[in-house]
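The chain below stands alone, shown as structure tokens; this is the form predicted on its own.
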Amino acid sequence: MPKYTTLSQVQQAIRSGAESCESLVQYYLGRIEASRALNAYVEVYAEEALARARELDAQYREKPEAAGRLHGMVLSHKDVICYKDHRVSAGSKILEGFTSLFTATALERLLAEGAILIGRTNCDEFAMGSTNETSYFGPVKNAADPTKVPGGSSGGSAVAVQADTCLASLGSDTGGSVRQPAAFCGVVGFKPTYGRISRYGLLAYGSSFDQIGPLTHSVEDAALLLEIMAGPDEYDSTASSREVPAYSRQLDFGGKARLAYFNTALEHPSLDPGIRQACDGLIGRLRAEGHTVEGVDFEYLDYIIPAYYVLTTAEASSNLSRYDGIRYGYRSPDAGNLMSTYKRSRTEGFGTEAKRRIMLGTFVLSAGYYDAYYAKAQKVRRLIRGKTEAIFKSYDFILMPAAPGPAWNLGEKMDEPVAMYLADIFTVQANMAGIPALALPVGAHPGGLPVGLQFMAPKFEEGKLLAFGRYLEALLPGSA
């Protein structure tokens, strides 16, 4: 079977009789088995996926014109997105044995259009990490080089697409958790505007930051998935009520774009020379094509990470307080009374990184420290958002590295949490400002690993950003 990179290729093969949903699922199950050592999946829905494929095939033979827009789409989803009557654990022991009572709105909308779910993918515990090494189920390995990390926290989803075990996957992005692993794994990763996709059914880490986003082989498929998932939801008051454009039918980019890049980013001491070379090469190529690409000052770059981690750990402290060993999930067998149930269950159920962030968040929200840390971080967030919006008054997009370097060795940063946090320096701006961002593969690092760059656009300008991404795919050697 050929490696399909777009749903349109799959659907053409189905129309010609060369493929069926069942043959596709069989192929992807074979790929999952062949790549099991990468540890991308925590659960595979093998029998269920095959049964659904046969059902969809029967419906298609009976009435092909009634097929959903995602007929033939085999999809995986990150282990923080709920699927009714299936386990969801957020990569944590604390949710051991828990079965979801409902399906996330985003998943529900995809299933209604004919998608087939093949499994849930491994992730950093409660999406807390940049390497996919904090999972209770063990680290995920990069398919390009299994000694390297895949990025996080949606590393399992990125590797699932990279290793051709599904056509696309759903991740979540709190500070770069879709885009950074997409860059490390050489796939497309998209984070929409905050509120563009309902968060109902997404286990919360940072409620004012989290967004569901797709990882795909192509911008074309990312646009279609966004189009189907986006829109208002009565179960999520933060979901935008704005009309959803037909993103998948508006992918022609005309005219010349104006792009900004941050001088402080490309001159940053943490930026790997190979990544800087990729940025410089793309800037030169865009200028040669007639686009305007200019450096601008952004004086808040080094304040983004401290402010982000103050705010997200505060929100995590609140969100994760519900996992207490009383109502569901893991309960310590050694607990003897109410207080020891709380203490032992949370101590034994949460991993080191989750506990670190819970404690940091509790500290910055505590009496005497709230104004010094949390309130000040909120002010920094407003400054970052305001400066970003001011840049977009003169430019269409912001060009930025997706990470300071290529994927690093497994275990390299696990004992240096601050070094791991700093790996998010170029991605968290989009979450702080609530704007859409797209990570695209642009080729290979001199060391041979995939390299991805990201592009940011103003709020709710997903259509324009995706169209530009599709244009870049044709322009760049590393894209689909």
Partner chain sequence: MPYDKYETVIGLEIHVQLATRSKAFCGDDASFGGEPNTYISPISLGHPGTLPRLNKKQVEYAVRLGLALGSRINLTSTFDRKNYFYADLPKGYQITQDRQPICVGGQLNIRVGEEQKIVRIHHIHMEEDAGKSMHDAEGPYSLIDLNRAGVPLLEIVSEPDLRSAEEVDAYMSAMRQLVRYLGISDGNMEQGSLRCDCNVSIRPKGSETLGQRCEIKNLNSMRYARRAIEYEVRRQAVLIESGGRVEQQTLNFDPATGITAPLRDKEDAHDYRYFPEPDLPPVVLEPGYVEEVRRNLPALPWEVYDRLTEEFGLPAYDAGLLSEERPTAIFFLELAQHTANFKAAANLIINKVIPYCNERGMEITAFPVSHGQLAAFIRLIDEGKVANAAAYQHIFPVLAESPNRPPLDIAQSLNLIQTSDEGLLEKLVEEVLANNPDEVERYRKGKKGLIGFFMGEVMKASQGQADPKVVNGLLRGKLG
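Positions refer to the first chain, counted from 1. The structure displayed is predicted, hence computed values, not measured ones.
There is another form of this protein, the form predicted in complex with the partner chain, and it is not shown here; the text below is about that form.
Among the residues 300, 395, 200, 253, the one placing a heavy atom within 4.5 Å of the partner chain in the predicted complex is 200. Contact with the partner chain in the predicted complex, judged by any heavy atom within 4.5 Å, is made by just one of 317, 388, 248, 240: 317. With a 4.5 Å cutoff on heavy atoms, residue 346 counts as touching the partner chain in the predicted complex.
The partner chain is not shown here, but in the predicted complex it comes within 4.5 Å of a heavy atom of residue 365. Contact annotation for residue 322: at least one heavy atom lies within 4.5 Å of the partner chain in the predicted complex. For the chain shown alone, residue 402 is not a contact residue for the partner chain in the predicted complex, no non-hydrogen atom being within 4.5 angstroms. Here the marked residues 208, 328 and 370 all reach the partner chain in the predicted complex, each with a heavy atom within 4.5 angstroms. Residues within 4.5 angstroms of the partner chain in the predicted complex, judged by any non-hydrogen atom, belong to 336-344 and to none of the other stretches in 406-414, 162-170, 336-344, 270-278. Residues of 97-115 placing a heavy atom within 4.5 Å of the partner chain in the predicted complex, in sequence order: 98, 101, 102.
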